[in-house]
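Next up is one chain by itself, shown in structure tokens, the form predicted alone.
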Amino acid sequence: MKEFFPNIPKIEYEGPKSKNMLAFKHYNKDEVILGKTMAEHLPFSFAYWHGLNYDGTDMFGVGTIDRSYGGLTGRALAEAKADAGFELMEKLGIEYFCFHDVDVCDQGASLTEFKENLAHMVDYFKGHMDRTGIKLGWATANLFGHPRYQQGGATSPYLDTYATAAFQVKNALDAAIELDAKGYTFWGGREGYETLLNTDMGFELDNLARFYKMAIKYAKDNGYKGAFYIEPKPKEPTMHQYDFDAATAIQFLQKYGLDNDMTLNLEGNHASLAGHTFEHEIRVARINGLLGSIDANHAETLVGWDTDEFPKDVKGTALAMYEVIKAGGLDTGVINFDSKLRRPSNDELDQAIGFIAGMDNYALGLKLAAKIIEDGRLEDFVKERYSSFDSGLGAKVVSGETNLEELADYAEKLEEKPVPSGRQEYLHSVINDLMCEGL
């Protein structure tokens, strides 16, 4: 088999003092943190669309990264791309991959040809998966790229488009079932609207819920054992997207009775676009028992769109991993590098360096999150801050044994006194101290 990345060796852990850019400095898969290995805490996944397809094209210029795979076309190109992807995953030690249907094969001249091409690649993947032990993190259908989806897929006002979306999702679910995927993601790239002047929002949301229920029923009836995720994103490409953020998505799931079947796949860059932090979105999912999987990337907040950079903010990653740990981990999900190279990062070595940097970032974030938990000062402070609800009238509030009159009587007898400090600056300094401990 052709080697696509001959200058990239098997990436090994060399420790924090290493200056080798093709080595892990912090990700040691066998290192035990809080009773689990790093590999168990960090089920890393390779995003097919960015890792193998994205060529550096942006709205102002053509591609800068060679994704020709020898100038092939059709199924030969699809197979070569898979060969390259599994080679890179093996060298990096990444145990999962994720894909949209259109990432892995040509759509062909008809829906039937698209279906046959995807089925061919499912069989092709099986050979690589059996050989390497790499597993499918999740699959999904791209219901936003083709012109037919310009006004939505599962929220389209047109039955023909809605049915075509169902065709694609059925085939993608068949692939997920055949490849024993850990999950299946629904991402509504154009499930939203541009203007309310031509939109029946209530009908579109009802139809979206009907679509999800049909898809879930089909998958379960045909032996699917994995999780289902909905992925929030506030904007881009649609002006107003229905899955704006974690809270909006959860409200949708609860309204339509889907919260027992679906959880959330959350992305760092999408959190930023919604005006939130990544840890906020994970916390919202966690406290609702709906954290499923995460997409790891970094948003360049000086730019107003989805930049999908490889993760590089250790403190932010630590706060996200703190929430993941508190949720009990990602047993039903993965940490998918929905991350792409910068346009000037255009040679073979960059294919590996981005992932190395991202995996090291998450290793550092995991270690810092563990230190925050073991140190205990943050949790102790939060517990003390709410301690007035532990006894007396506060405890009656929590247990539902009081009423508005009793609370009002209590308040009327109070002497005015200062509200205790929230100590926000102190708590940030605690994290900084833990992060820089030993320097």
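Just so it is clear, the structure is predicted and the values come from calculations on it, not from any experiment. So that there is no doubt, residue numbering starts at 1 and follows the sequence shown.
Another form exists, predicted together with a small molecule; not displayed. Remarks below refer to it.
Although the partner is absent here, T140 lies within 4.5 Å of the small molecule in the predicted bound form, judged by heavy atoms. Within this chain, H276 is remote from the site of the small molecule in the predicted bound form, having no heavy atom within 4.5 Å. Taking the partner from the other structure, the small molecule in the predicted bound form has no heavy atom within 4.5 Å of any heavy atom of Y212. At a distance threshold of 4.5 angstroms between non-hydrogen atoms, W49 is in contact with the small molecule in the predicted bound form. For the options D306, D360, D101, D245, the residue carrying a heavy atom within 4.5 angstroms of the small molecule in the predicted bound form is D306. Stretch 227 to 235 is the contacting one of 361 to 369, 227 to 235, 252 to 260, 111 to 119, since its residues have non-hydrogen atoms within 4.5 Å of the small molecule in the predicted bound form.
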